[in-house]
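Here you get one chain, nothing else, as structure tokens; it is the form predicted alone.
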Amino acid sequence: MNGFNIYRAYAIARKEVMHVLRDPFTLTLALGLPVMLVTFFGYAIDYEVKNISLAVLDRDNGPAARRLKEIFSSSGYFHPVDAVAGTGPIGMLDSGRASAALFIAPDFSKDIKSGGSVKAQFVLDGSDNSKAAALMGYLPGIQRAAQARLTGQAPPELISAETRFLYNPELNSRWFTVPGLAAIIIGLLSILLTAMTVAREWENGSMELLLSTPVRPLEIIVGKLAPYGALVLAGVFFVYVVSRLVFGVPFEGSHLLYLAACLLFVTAALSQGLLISVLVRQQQVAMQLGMITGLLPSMLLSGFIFPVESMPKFFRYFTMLLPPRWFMAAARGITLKGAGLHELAVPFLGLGLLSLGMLTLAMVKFKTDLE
């Protein structure tokens, strides 16, 4: 009984593998669910604001007014629609049938032709500030295009600034969201697999039977976590294939470095699931705690939706305790930037410390409960 016996751990792992092979639900959950969710949400989540309904009140009805509406339409961001009789553009904004409104003043075409000052008012629905900010960013380009097409004169450029977007030149939001989305799904799946599996052992009484044999707690933990770690890594591979073939996400860095980051992150998530199962010992409660602790922090505090740098100071420090925050930075850095270990030293250090800490905490609690 002295020391760690690899053969006893292997026997437990083999038993767990046989259980997984007899359980199609677990296989589907580990291999099929990540691919399905990444594909579904990869198409659904898009930070680009397009096809915005633009209510137009044209009091001119001249050729210049029609060209102005065509400019908005050809931008790809707006879909001009005429204001409903008796409602008006503001009424359409109130009802949600339009997100922006364009008011074209009378004599718009006449003033353009005579070289006089022209008036057109653009109104935005500010109830969604993220959408409004994106639409405001489109206006300068549309204004320059309108001046060039309507007057035949491009606006003078006193200062010329050339903008380049490194690592994502097309500003494709899926290149940004898919690696982060994969991190959230993989982490949540790892937590749920071990939380439910070990809790099931407690509920069925098979854990007491296992403990009656000459097996050390560390051997049980390794034997339990290893098969599910391999299963989750297989899911990582399928997600990688989908992100490359379906969404065209580039991969600029080292695959070996990415695998190392995945191993550290999966270890932390599996250990968290084990800790939950030891604490509650009930599958239903373990699943609920796994969803709460694995999904919400990953979505809101990992940098997937909101930049960590823009959070209040307390939450910026609090996110350092969350493995998804560090894995998100490592995955995006390796995938899009081709960053090496030197550039990602801090995320890897954070992942390593949290993985070791979570695994140690789970082992200590597991051993304490057994004794």
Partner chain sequence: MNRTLRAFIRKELVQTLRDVKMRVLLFGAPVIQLTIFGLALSTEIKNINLAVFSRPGDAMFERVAENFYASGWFDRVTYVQGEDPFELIDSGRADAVLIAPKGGLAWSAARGDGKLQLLVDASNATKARAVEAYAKSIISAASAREYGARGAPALNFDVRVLYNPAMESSMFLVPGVMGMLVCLITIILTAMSLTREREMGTFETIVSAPLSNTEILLGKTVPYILLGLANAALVVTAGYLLFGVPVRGPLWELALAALAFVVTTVSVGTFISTVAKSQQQAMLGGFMFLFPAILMSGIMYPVENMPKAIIAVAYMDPLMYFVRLIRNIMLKGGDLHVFWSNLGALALMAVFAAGMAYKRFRQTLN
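Basically, rigid core = biggest C-alpha set you can superpose within 1.5 Å across the two forms. As the structure is a prediction and not an experimental result, all values here were calculated from the model. Numbering follows the first chain given and starts at 1.
Here the subject shifts to the form predicted together with its partner chain, a form of this protein not shown in this document.
Taken together, Met196, Gln283 and Gln288 are fully in contact with its partner chain in the predicted bound form: each brings a heavy atom within 4.5 Å. Although the partner is absent from this view, Leu300 contacts its partner chain in the predicted bound form, with a non-hydrogen atom inside 4.5 angstroms.
Using a 4.5 angstroms threshold between heavy atoms, Val239 stays clear of its partner chain in the predicted bound form. Proximity of Ile305 to its partner chain in the predicted bound form falls within the 4.5 Å heavy atom cutoff.
The closest non-hydrogen atom of Ile292 lies within 4.5 Å of its partner chain in the predicted bound form. Taking Leu218, Met136, Val246, Ala234 one by one, only a single residue has any non-hydrogen atom within 4.5 Å of its partner chain in the predicted bound form, and it is Met136. For the options Leu341, Leu33, Val346, Met320, the residue carrying a heavy atom within 4.5 angstroms of its partner chain in the predicted bound form is Leu33. The chain is drawn here without its partner chain; in the predicted bound form, the stretch among 267-275, 253-261, 120-128, 218-226 whose residues come within 4.5 Å of it by any heavy atom is 120-128. Annotation for 307-323: interface residues with its partner chain in the predicted bound form are Pro307, Glu309, Ser310, Met311, Pro312, Phe315, Arg316, Phe318 [heavy atom within 4.5 Å]. For Ser254, a C-alpha deviation below 2 angstroms is recorded between this form and the one not shown after rigid-core alignment. After superposing the rigid core, the Cα of Arg67 is displaced by 2 Å or more between this form and the one not shown. When the rigid core is held fixed, the Cα atom of Asn51 travels 2 angstroms or more between this form and the one not shown.
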